[in-house]
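In the block that follows, a single chain appears as C-alpha cells, in the form predicted on its own.
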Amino acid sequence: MAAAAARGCGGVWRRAWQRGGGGCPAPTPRGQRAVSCNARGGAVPAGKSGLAPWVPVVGLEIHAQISSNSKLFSGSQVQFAAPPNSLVSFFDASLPGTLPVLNRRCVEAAVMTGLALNCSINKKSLFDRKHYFYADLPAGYQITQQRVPIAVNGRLSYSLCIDNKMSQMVTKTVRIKQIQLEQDSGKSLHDDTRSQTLVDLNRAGVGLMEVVMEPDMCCGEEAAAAVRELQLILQTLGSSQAVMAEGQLRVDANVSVHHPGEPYGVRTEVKNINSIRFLAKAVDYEIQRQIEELENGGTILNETRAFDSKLGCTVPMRDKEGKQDYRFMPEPNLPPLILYDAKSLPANMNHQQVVNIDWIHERLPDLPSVKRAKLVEQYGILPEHSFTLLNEDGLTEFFENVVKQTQMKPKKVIGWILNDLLSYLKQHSLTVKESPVSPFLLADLLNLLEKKEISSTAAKQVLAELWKGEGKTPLEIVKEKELELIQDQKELEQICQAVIDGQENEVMAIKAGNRKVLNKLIGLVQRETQGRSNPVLVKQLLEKKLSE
C-alpha cells in the first residue's frame, strides 16, 4: 500500500518525521489520501485509497521584539545576553505602587509596521490585562491590546517557488488580522540537575509587536515564505532587528485540517518556533500528524504543542486555554492611546508630544518588494536573483559596491556573486560581513578579467587565493602565480598546432561536420597553457588552422 503523502507547496510533500524515531509517533503503513497545497493553489489529493482529500489550514501569530533602547513601560535598558536580572526596574519586578509609562519609540515602530503591512491604523487603541500565573510574569498579568489593537486589516504579499525552481515564482497574499503592542515575559531557566528553575527578568517588559496572520496558508513552505518576507520588512523599517537566534522573532503556528466544503477542523497551536526552517518542518509535520490521526479514527485535541527540532516532530505541552481563562480586563493604569494624522492634529499641539501617522508614512523606506523591482530594472538581473540578494543580509550592498568599482556588466557580476562568493560563504558558514574577500578585491579581480588580462579559469584560481585572506591584491597573485594571459599570438599558434597534431580522430570528426568536438580541443589548449589562454582567441586560431 502507498504510504501517506501529499503534494505540497512546490512539489511532493513528504512526511517530516522519521519512522519510530526517538519518541515521535510513527504512522501505520497504510494507504491514505492526504492533501496540501501547491504554489499554483488548490487542493491536490495523494494516495489511492479513495478517501476524501484533506485541506490543511495554517495561521500564524508572530511576536517581534521592537528595536528600542528601553522597555515598553519602563526605562530599563534592553540588551541581549546581559547578566541575569541586571536590567530590571521596580516596575518590571512588579513592586507595589509602580506605574507604566508608555515608550513612544515602541508606538512609532508599531505604526510604521502597520503602514508597511497595509493596515488601518486605529487613532484610538486600548490596553488590556491578560491574566495568567507563571514565575517569569511577576505581576500575574501581561499588558496587551486584546480589544482595540493599534493596527488592523492589513495584508502581506510574499513569493515562493513552483516545484523548487527559482526561475518559476508565484506571489501570494496573506491577510493581517491585527498588530498589537504587548509586554514580553521573563525567561525561565530549568536546571534538571538540581531540580530547580531559575528566573531571569531581563526580558520582562520588553516591547513586542504581535502580528496576527489569518489562516490563509496551507503548508510549511508558505508559512516560512510569509515569515521571511515579514522579517525582511521589519529589518528594512528598523522596527525590529528580527534576529530569530536571539529570540527577537518567535512564531506560533495554528494548524488544522478539514475536508473540502466542511467547516475548519479543530486546531492545534505549535508554540515558540525560533527558526524559519523549523517553522516549515513543524507545520508540515503537524498537518500530516493530524491527517494520520483522523484517518485512523482518532480525534484532534485543541492543545498547545512544541516542535522538537532534534526529533523533527511536535510534542504535546498543555491543553489550549480559552480566552475566558485569561480574564481579560481593561488596563486601569493606562489611558487610551491616541494617535493623530495631518487632519486631526490640533494646531496648538506640540508635535514632539504626539505620534503623527502621516509623518511616519511619509518617511517609510523602500520595502523589499520595491527594492527587488529596482534591482531588476537598474541592473537588468533576473527577478529570482533579486530575491537571493535581499534574502542574504548585506549581499545587496556587496553587489552594488562591486558594480560601482568594476567595468564588468552587472549581469556578469551577479554570476560571480551568487555562484562563487555566496557558495563559498555558505560552505564555510560565514555571513557576508565576515567575507575575507571585500567588494573592492572582487571588483579588482573582475576588472582584470574584463580587460582580458586573465582568463575566467585563472580568475577562479585568484579568487581561491583571495579566500585565504593573506592581504594580497588580485594583481599580486596573478604575477606571483604567472596567470597572465599569453599575449604572444605566435606562441599560442604553436600550442594550437601541437594540439591539432596530437588529436587526429578529433580533427577528422570536426572536418566531417561535428563542430562540438572543437570544444575538446579548446579545453586541451587551456590545459597546456594552464588557463592562461583566451578561449575566444583559441577558438579562432583552431578554426583557422582546421580550415587550411
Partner chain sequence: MRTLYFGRWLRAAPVPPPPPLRVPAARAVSAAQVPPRPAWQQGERRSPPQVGQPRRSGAREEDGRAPGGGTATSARSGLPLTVEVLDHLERLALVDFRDSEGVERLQKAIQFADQLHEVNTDGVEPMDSVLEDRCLYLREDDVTEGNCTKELLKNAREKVEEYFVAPPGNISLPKLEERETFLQGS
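Everything numeric here is computed off the predicted structure, so don't read it as measured data. Numbering follows the first chain given and starts at 1. Whichever C-alpha set is largest while still superposing within 1.5 Å between the two forms counts as the rigid core.
The form predicted together with its partner chain is left out here; the points below concern that form.
With a 4.5 Å cutoff on heavy atoms, Ala93 counts as touching its partner chain in the model of the complex.
Using a 4.5 angstroms limit between non-hydrogen atoms, Arg105 touches its partner chain in the model of the complex. Interface residue remark: Asp200 is counted as part of the site for its partner chain in the model of the complex, having a heavy atom within 4.5 Å. In the model of the complex, at least one heavy atom of Ser89 sits within 4.5 Å of its partner chain. Exactly one listed residue, out of Pro260, Gly238, Pro330, Gly469, brings a non-hydrogen atom to within 4.5 Å of its partner chain in the model of the complex: Pro330. For the residues Glu377, Asp325, Glu303, Glu397, the 4.5 Å heavy atom test against its partner chain in the model of the complex is passed only by Asp325. Judged by heavy atoms within 4.5 Å of its partner chain in the model of the complex, the contact stretch among the candidates 273 to 281, 366 to 374, 67 to 75, 434 to 442 is 67 to 75. Residues Phe133, Tyr134, Ala135, Arg147 are the members of 129 to 157 with a non-hydrogen atom no more than 4.5 angstroms from its partner chain in the model of the complex. After superposition on the rigid core, the Cα of Gln352 moves by 2 Å or more between the shown form and the other one.
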